[in-house]
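Quick heads-up: the structure tokens below are two forms of one chain, split into structure 1 and structure 2.
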Structure 1
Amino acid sequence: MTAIRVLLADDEHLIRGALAALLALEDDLAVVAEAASGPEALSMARAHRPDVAVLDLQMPGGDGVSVAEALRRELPGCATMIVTGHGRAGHLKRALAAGVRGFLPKTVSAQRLAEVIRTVHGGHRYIDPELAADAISAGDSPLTAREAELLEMAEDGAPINEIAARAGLAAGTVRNYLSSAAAKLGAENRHTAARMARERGWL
């Protein structure tokens, strides 16, 4: 049997190199390409046509999920999985919609990572149980499209007038959307609301 060809994408060289070393110990896995950014991951994938792409969620130049989306279109034969740091359960739903078949926190062991690579390569899916529980308990976003859009603009602390101008709306309207969003999230004001929505992956 020929080894599973793996692409590793993570901007932290230290982790990526170490991971490659660990996976090399498994004789049915072969790391054929490494990348430190979203675009690089894509071009490496085109060049080396891996069986499985292991993507970090946070990378310069586009996050893991958008890379997964692009890969799904360009290389349908390549299975994708996301490995992520703390928390980020909010991205799970988006990731699954993008065709990602594995979703793991970085707190798992290398052993488990190798197992999951085999699992997704076999056509199955594996979602870390704790992340899955988080995502389910967070539930679906109660925000309407407009609310989410304006909340996103409010995220960096811009005053209402600027948001209104950028969105082409009356200031009062913007206030109301943000107020309504805050109410839905149980937040005191738009700033905390924006943080909460971001945490839960609703932005």
Structure 2
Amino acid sequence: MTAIRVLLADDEHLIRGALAALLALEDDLAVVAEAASGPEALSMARAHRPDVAVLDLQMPGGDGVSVAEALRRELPGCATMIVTGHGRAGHLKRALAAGVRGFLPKTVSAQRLAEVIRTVHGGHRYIDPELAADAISAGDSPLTAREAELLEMAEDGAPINEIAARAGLAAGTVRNYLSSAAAKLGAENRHTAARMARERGWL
């Protein structure tokens, strides 16, 4: 029996090392590569051509969903899974749109993770029921792509003029977009709106 070749990508070395050690105990799984960032995950996948890539949602240099999108184009034979410490509704929808086959919290046991790796390798899908329920209850983002983009720029407290310069827009236009976004979210200002949108996975 040929073992399922697994890539583990997580920027937390302790978690990644522990997972690799636990998965190594499974006879039918082989961790062939590890990565600590989005770009490293892609280069390791190209070099080792794993059957399944287990990707942390948030990594330096590119999140798990963007890595999954790239892998779907470059290595269509590699199934992708996302593990996350904070599964927001918007993240799950983005992941499914990117062709991700597994989506589960970091709180799962190594045994459960191994089962899900086998499931996605077999061509099936596994979404954690609680994360799926949260996604359904949160609904779709009311923000336009431009509103979300400008809210993300406003997240770190940047002034309107700076956001306008970065976006190539007039300050008044930026103010209008941000006011519209805040109104849609029922937020008193752009900073609160950005935080709320981030919490719901819409940024």
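Just so it is clear, the model here is predicted, and its values are computed rather than measured. Here, residue number means position along structure 1's sequence, counting from 1. The term rigid core refers to the maximal set of C-alpha atoms that superpose within 1.5 Å between the two forms.
**Message:** I want to make sure I have the labels right. Is the form predicted on its own structure 1, or is it structure 2?
**Reply:** Between the two, the form predicted on its own is shown as structure 2, not structure 1.
**Message:** How about residue 44 - superposed on the rigid core, does its CA move between structure 1 and structure 2 by 2 Å or more?
**Reply:** Where the cores coincide, residue 44 shows only a C-alpha shift between structure 1 and structure 2 that is less than 2 Å.
**Message:** With both forms fitted on the core, check whether the Cα of residue 23 differs by 2 Å or more between structure 1 and structure 2.
**Reply:** No, the C-alpha moves less than 2 Å.
**Request:** Using the rigid core as the frame, report the C-alpha movement of residue 164 between structure 1 and structure 2, one decimal, in Å.
**Result:** Spelling it out: core superposed, C-alpha of residue 164 shifted, distance 5.0 Å.
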